[in-house]
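A lone chain, given as structure tokens: the form predicted alone.
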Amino acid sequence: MKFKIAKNVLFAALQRVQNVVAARTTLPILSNVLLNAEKGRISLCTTDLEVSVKCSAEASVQKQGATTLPARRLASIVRELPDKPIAIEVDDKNIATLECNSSYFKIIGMSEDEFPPMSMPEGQYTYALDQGRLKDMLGKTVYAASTDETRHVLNGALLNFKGNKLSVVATDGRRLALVEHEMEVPREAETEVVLPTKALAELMHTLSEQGTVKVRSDGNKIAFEFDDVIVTSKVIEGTYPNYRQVIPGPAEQRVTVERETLLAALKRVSLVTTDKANAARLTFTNNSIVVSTTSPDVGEARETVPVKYTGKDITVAFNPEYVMDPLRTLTCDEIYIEITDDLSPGVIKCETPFLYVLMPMRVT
């Protein structure tokens, strides 16, 4: 195999695929990137057996072929090379030589025969939507996914293609984030899959703001194709809980709040929280929300956020990080907080089809 490629083109391609590579793995081949050179292009592929990423880039190919090279080491070398064309040649023993300007490297690789094949889903239906839209939907929900391995089906986000819309849902049992987007979904193409957190992170990393992404699934695997990239992933098996059941009905009070003002107040008062005392009290009183925290080991903090509110006084405690998570990802100027009492779930909404349900904390 022999080809020449621009340094910035190769580095950009390596950046797109190297996130999947684990820092430590029991299978050495999974630390490598599969390089395949053919007819004016090279393709790069990495996998951890659950998630695979493949992308392609233009190159001047003198001799077609394939090999695998250590992904992170190759990216580190390419990053430090001067901004000149890189010539790469691989012999029949999978030893690669890299030459760029006055730099020369020899890297020992492994045969492409050892690399796990990238399997595509066999689903006949393809959903198409805007890349920026999907990236935004994932960003507004992925933080609510569970990290508890005992509840495996919650270690990801549900993608529900039904009722002429895509619903993306994530929950860890204490909070739930839901965002919806209207799109054409034929009845015979309706499906739902739970995408693992690692695949969600990879999509967030590789999706761009413009262009179309095509989604295909067969119930066991799912593939996302966009630009010159393909991301495939196994889906999480199991039945996702009925998230509609935990969404409360109409609340007694609905308060409009400036998103950035509330976020800044929560950031400041949470500076005195500890692992043992990590609750923030939100007291809804006449035309204000008083945000306060108390920690026996540190002290206390209090901020007042002005709002239009004339209802009864309500004090409810939440984990401040859980309140800040959606506020960080939303872009609207104002949000709506819906509350009923100190023991009922709080709901955060905005002008877009977004909903966030948060269970209160019991504090004495």
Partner chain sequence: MKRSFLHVDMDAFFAAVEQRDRPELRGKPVVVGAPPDRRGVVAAASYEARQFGIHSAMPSREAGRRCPQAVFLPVDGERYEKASREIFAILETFTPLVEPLSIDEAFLDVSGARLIHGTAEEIARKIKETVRRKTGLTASVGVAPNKFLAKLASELSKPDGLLVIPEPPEEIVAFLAPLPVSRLWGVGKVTRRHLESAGIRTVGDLQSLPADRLSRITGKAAAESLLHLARGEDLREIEMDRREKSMSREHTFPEDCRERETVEAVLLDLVEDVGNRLRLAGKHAAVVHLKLRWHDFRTITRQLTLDAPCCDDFTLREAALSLFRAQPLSGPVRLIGFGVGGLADGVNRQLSLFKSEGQPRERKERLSRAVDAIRRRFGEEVIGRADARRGAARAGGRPG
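Quantities reported herein were computed from a predicted structural model and do not represent experimental measurements. Residue numbers count along the first chain shown, from 1.
We do not show the form predicted together with its partner chain, though everything after this point is about it.
Participant: Please tell me whether the candidate spot formed by 15, 74 and 204 is one where all three residues come within 4.5 Å of its partner chain in the model of the complex (heavy atoms).
Facilitator: Negative, none of the three is within 4.5 Å.
Participant: Within a 4.5 Å heavy atom cut-off, is residue 175 in contact with its partner chain in the model of the complex?
Facilitator: Contact check for residue 175: yes, within 4.5 Å of its partner chain in the model of the complex.
Participant: Taking the shortest heavy atom distance, is residue 151 within 4.5 Å of its partner chain in the model of the complex?
Facilitator: Result yes; residue 151 sits at the interface with its partner chain in the model of the complex.
Participant: If we define contact as a non-hydrogen atom of the residue within 4.5 angstroms of the partner, is residue 319 a contact of its partner chain in the model of the complex?
Facilitator: The answer is yes: residue 319 has a heavy atom within 4.5 Å of its partner chain.
Participant: Mark residue 87 yes when one of its heavy atoms lies within 4.5 Å of a heavy atom of its partner chain in the model of the complex, and no otherwise.
Facilitator: Looking in the model of the complex, residue contacts with its partner chain do not include residue 87, since no heavy atom lies within 4.5 Å.
Participant: Using a 4.5 Å heavy atom cut-off, which residue among 82, 163, 238, 241 comes into contact with its partner chain in the model of the complex?
Facilitator: When its partner chain is considered in the model of the complex, the option within 4.5 Å is 241.
Participant: Ok, 189, 128, 277, 264: which has a heavy atom sitting within 4.5 Å of its partner chain in the model of the complex?
Facilitator: Result of the distance check: 277.
Participant: Spot the stretch among 133-141, 166-174, 104-112, 209-217 with residues whose non-hydrogen atoms come within 4.5 Å of its partner chain in the model of the complex.
Facilitator: Among the listed stretches, the partner-contacting one is 166-174.
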